[in-house]
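Only one chain is shown below, in structure tokens, and it's the form predicted on its own.
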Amino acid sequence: MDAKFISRGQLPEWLRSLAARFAVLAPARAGSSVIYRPVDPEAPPRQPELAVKPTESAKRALFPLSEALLTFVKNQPDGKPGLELRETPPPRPCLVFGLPSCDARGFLVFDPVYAGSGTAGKFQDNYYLRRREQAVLIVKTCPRPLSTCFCNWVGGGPASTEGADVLATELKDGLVLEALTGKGARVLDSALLRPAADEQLTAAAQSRAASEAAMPPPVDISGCARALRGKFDSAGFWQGHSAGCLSCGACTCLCPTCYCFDLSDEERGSRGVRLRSWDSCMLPLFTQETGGHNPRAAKAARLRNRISHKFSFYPDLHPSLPGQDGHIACCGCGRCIRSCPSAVDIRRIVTEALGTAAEGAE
């Protein structure tokens, strides 16, 4: 595939030019956080924030926080009740620039769920799939890991190309952009980019190797699905790890692989809209039933469900995908650890389950 180079000074102009064809999202400062902000082709050029890992994941690019699935109008033609449904127009193709590899790998967890593959079911979600098919993901190599990063535990890495269309690697004076797919090659067809020189390709390869070397050695979590199944009925284990949890849901909102949603109909007069909005299994009302019963009223039960889903239930549902015991529904981004107000650490939960299982096997 093609490899191009763009200087740091020309990067904002290139992103603005792409915004004429795509809804472009790029990392930007927002107070003390870094979020994915739309690039306005009419606004003055602005450098994206590439020095700091985004606080949020990029999942809202393809899975909006709240989206209108359809609108409806209640009418009474000829005096008879009627309902007119109108599907919302398709969104513009989206391009996400500068997302870390863990965010791109997160969409690989979404894909089989919303495509109806695996043993989970056969129903497809066309709203997600339409966005996914048109999206272009430009992944940026992470220069150094944070203390909360553990992508190499789950098969990733700071320069992983899984799920990416273009791999961007920072050099001192710009970025080397390497196309990985046909969609990626097409967005690199710009007069603002020039072919990457051999020395730039060499420097980019060295930078990626240094990033990989900076990662702490991965922990072997093979067998975690079995270990967590063995801890399922251990009330003390889950109560201990959930003791400090505030049930705020930050972990699931920031997670690149959490895909739960709720549907609601918002009405005003004879008109209304059906909304799909993010939901969180860590919130107390997530499993509240109409009759008042809540099978996961305790936060220990909710934490058990979240961890078990990522490392045990999901691999069982998608056994044919890459990964030990199936495809683990965690990309190791560490956001749930870094942003948890109570320092709940998903790594500690998994390794302690594995440690206990290993001790029990001796």
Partner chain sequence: MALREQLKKMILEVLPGVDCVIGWGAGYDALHAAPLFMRAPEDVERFLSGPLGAFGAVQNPALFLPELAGKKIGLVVKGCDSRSVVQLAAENLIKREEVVIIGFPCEGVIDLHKLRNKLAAHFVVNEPGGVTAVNLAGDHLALTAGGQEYTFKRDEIMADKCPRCREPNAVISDCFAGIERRADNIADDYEDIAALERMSLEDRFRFWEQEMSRCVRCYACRNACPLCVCRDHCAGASRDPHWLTQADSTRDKFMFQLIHTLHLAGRCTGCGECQRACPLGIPVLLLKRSLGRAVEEMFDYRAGLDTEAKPPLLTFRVEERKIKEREW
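Here the structure is a predicted model, which is why all the values come from computation and not from measurement. Residue numbers count along the first chain shown, from 1.
The next section is about a form of this same protein that is not shown, the form predicted together with its partner chain.
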Candidate spot 19, 47 and 191, all three touching its partner chain in the predicted bound form (heavy atom, 4.5 Å) | no
Segment assignment from 139-147, 169-177, 100-108, 208-216: heavy atom within 4.5 Å of its partner chain in the predicted bound form | 139-147
Do residue 195 and its partner chain share at least one heavy atom pair within 4.5 Å in the predicted bound form?
-> no
For residue 278, is any heavy atom within 4.5 Å of its partner chain in the predicted bound form, or not?
-> yes
Looking at the partner-bound form in the predicted bound form, is residue 249 within 4.5 Å of its partner chain by any heavy atom?
-> yes
Counting only non-hydrogen atoms and a 4.5 angstroms cut-off, does residue 53 reach its partner chain in the predicted bound form?
-> yes
Restricting to 251-277, the residues within 4.5 Å of its partner chain in the predicted bound form through any heavy atom are 253, 254, 262, 264, 266, 275, 277
